[in-house]
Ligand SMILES: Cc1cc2nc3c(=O)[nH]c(=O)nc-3n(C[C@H](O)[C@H](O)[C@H](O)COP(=O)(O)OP(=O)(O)OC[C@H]3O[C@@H](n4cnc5c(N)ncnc54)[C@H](O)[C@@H]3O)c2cc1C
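Below you will find one chain, with nothing else, as structure tokens; this is the form predicted on its own, and questions on how it binds or moves follow later.
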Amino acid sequence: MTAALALRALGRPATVVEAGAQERIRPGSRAIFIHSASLMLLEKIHPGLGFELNSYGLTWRTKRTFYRGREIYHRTYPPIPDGVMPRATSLPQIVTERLLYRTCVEAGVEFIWNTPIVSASVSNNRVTLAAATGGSLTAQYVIAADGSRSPVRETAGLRLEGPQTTNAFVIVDTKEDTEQPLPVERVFHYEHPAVDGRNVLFVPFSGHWRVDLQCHPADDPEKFSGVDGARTWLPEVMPEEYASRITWVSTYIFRQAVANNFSDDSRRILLCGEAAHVFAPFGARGLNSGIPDAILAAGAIDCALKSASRSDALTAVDHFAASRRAAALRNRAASNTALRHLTSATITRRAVHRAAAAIAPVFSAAGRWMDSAPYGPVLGEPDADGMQY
């Protein structure tokens, strides 16, 4: 939908082909954290959209980090002035999708529902998409944003490359207690003593909490998964009533993969989002890099369509593919750094954590490092297109 909005902002027609039904709902805290850079990009392609998304979200100003039950770092940011975009906002993906969909309809984007695409082929400068329903669609250019298992990517001869992680993570959403809400803070626990030394992350989002439990390598994730499994450990780390407020539980073994190219040989198919890259969620690099993917793909297509020669058109798409793949590789490197830190797989790394936690009360830089390391290096430098992710 971001790609379609960006195309409409450039005066180009756009059609979204969706495998699911119009009324389908994506449950859970997927893609809940939208950075200010992403909000501003959405604001640029459709004025008012970024601020409206922010109005539905929740912005935490305080973050805390604990090591074995002892606080080693905290920081509270100053209040955000009216009319200023926050550093980030947290809201359910279903709300983001609803607002994007309404904006797309208002902008003249067409939608085709219940049409899973099973393959893509290119001939005579046209892309043909074959649908599972038996029909087909054609277009001059296709932006493949059809997820990590993308049939468009695979049949275009492209592939994701990269390993899976070994540790499993259990993610639980639970509704906030509106009568006695918890403080709006992001809290990370290294080796939480109440759950046998497993790492636990708490992130508030609009009306809910997301709780991430990092399993030990020898754990059976099923023991901690599902509503029944989550209720065995959630009361150990939150007030007991939150165990009866669970709305979603999921278990993940994350993959760290980037497509070998972000466009096919014909330069008619461009990859975006999880069709192009998949990361562990720490640092919120998935959605927040998918948004610039989509906007730059739309810009590349617009430039290609306006080009005086086929060579210039190819160059426009090549520039998109190279710049966004470079950004994805940087994001994967940052995410890998975060995962190595979190898994603490070596005696040396665990010793470094203990030492940093021990000196954090008197050496604030150690506390800041322990707080920021689980999310990977900060990627604040924009790329050649001015995109940060």
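Predicted model, so just to flag it, every value in this text is computed and none were measured. Sequential numbering from 1, following the sequence displayed.
This next part talks about the form predicted together with the named molecule, which is not shown.
S.K.: Based on heavy atom distances of 4.5 Å or less, which listed stretch (346-354, 51-59, 332-340, 23-31) is in contact with the named molecule in the predicted complex?
M.R.: Within 4.5 Å of the partner lies stretch 23-31.
S.K.: Could you spot which one of 187, 158, 287, 139 gets a heavy atom to within 4.5 Å of the named molecule in the predicted complex?
M.R.: The residue in contact is 287.
S.K.: Would you kindly say which of 300, 213, 234, 117 lies with a heavy atom within 4.5 Å of the named molecule in the predicted complex?
M.R.: Spelling it out, the residue with a heavy atom inside the cut-off is 117.
S.K.: Please determine whether each residue of 147, 171 and 281 possesses a non-hydrogen atom within 4.5 angstroms of the named molecule in the predicted complex.
M.R.: Each of the three qualifies.
S.K.: Consider residue 101 of the chain shown here, and say whether it contacts the named molecule in the predicted complex, taking contact as heavy atoms within 4.5 Å.
M.R.: Although the named molecule is absent here, residue 101 would stay clear of it in the predicted complex, with no heavy atoms inside 4.5 Å.
S.K.: Quick one: is residue 273 in contact with the named molecule in the predicted complex, heavy atoms, 4.5 Å cut-off?
M.R.: Heavy-atom contact with the named molecule at 4.5 Å: present for residue 273.
S.K.: Since only the chain is shown here, I'm wondering whether residue 202 would be in contact with the named molecule in the predicted complex (any heavy atom pair within 4.5 Å).
M.R.: Heavy-atom contact with the named molecule at 4.5 Å: absent for residue 202.
S.K.: Residue-level contact is defined here as any heavy atom of the residue lying within 4.5 Å of the named molecule in the predicted complex; does residue 371 satisfy this criterion?
M.R.: Residue 371: no, not in contact with the named molecule in the predicted complex.
S.K.: Note that the named molecule is not shown here; using its position in the predicted complex, name the residues of 234-268 with a heavy atom within 4.5 Å of it, in sequence order.
M.R.: The stretch touches the partner through 248, 252.
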